[in-house]
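First comes one chain, alone, set out as structure tokens in the form predicted alone.
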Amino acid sequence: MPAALPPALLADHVTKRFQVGRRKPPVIAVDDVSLRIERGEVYGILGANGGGKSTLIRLFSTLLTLDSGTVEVFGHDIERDEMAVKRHINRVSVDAAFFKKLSPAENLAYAARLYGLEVGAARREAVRILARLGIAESRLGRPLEQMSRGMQQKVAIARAILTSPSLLLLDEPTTGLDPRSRLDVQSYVEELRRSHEITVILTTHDLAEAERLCDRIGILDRGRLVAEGTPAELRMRVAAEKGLPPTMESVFMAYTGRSLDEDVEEGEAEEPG
């Protein structure tokens, strides 16, 4: 029998610390996290602000180096085989960077050249993706700085999909978007998983979004992975073990020690890095 293919991502005892002051002890942003994400899976990462979500995504995308532990993407070690890993992944963050004076079309053409794509074909694909996300071709010539944040985020998603990643890292892609834009993005993620062989890691504050999109969810609290399972498994677990209503709100509160409202209102600084 042929050997089984490696998972999309395998993290083993991953730790990341940040030195925030000369006389202060290091802040542990990610604390001994191990997880396995299968090919074709949509895996959600939930946690309060400062819980380690974005740091973990930056580690997976090779933007940060590990202090200890290992991460493999489709069998490639992210430190020893960094270039091979980068060919498999792309990332959309909550604060996607663009050349704001340029139009979406110009930004996407630049990204296409950067990745060695044929610009004409990339433009046609970008127009198709953006149309699916609710942005007409007639709007692609305006400077990005004149577009809403929701539209800019859709352009960021189109830019990431253009490279045909095997692993798409979505770091709070719908945070701050209007309801229509949020639904457009969520529907497109669902379409991607149906029509492409793609694995998605999604960090989010939106519990309904996590329940809708994710096959499994890992919950981070102060950098540690404190719970993992399907949305249904997590709901049943808090009901059986903690006597709480079987909702994602109960799951979040049980494993992070706070409600979603408290998380939003406290507005803690996001983890370093």
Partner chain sequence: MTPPPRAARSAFRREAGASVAFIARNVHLVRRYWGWEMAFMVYAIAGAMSIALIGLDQGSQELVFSLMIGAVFWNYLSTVFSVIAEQIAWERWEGTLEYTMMAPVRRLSQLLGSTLFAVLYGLLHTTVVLLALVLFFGLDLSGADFGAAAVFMIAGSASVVGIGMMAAILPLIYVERGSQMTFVLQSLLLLVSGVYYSVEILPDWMQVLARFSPFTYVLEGVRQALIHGTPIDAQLDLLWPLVVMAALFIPLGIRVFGAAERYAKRTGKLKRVG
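Not measured: the values here are computed from a predicted model. Positions refer to the first chain, counted from 1.
Unshown form predicted together with its partner chain; subsequent notes refer to it.
By the 4.5 Å heavy atom rule, the three marked residues 82, 99 and 106 all count as contacting its partner chain in the predicted bound form. Think of it this way: in the predicted bound form, its partner chain has a heavy atom of just one of 135, 189, 111, 126 within 4.5 Å, and the residue is 111. With the partner removed from view, the residue among 76, 86, 193, 149 that has a non-hydrogen atom within 4.5 Å of its partner chain in the predicted bound form turns out to be 86. With the partner left out here, its partner chain still marks one of 68 to 76, 174 to 182, 141 to 149, 193 to 201 in the predicted bound form; by a 4.5 Å heavy atom cut-off that stretch is 141 to 149. Its partner chain in the predicted bound form is not approached by residue 35, whose heavy atoms all lie more than 4.5 angstroms from it.
Within this chain, residue 61 lines the site of its partner chain in the predicted bound form, having a heavy atom no more than 4.5 Å away. Looking at residue 91, you'd find a heavy atom of it within 4.5 angstroms of its partner chain in the predicted bound form. Mapping the unseen interface onto this chain, residue 159 counts among the residues with a heavy atom inside 4.5 Å of its partner chain in the predicted bound form.
Of the residues in 196 to 223, none comes within 4.5 Å of its partner chain in the predicted bound form through any heavy atom.
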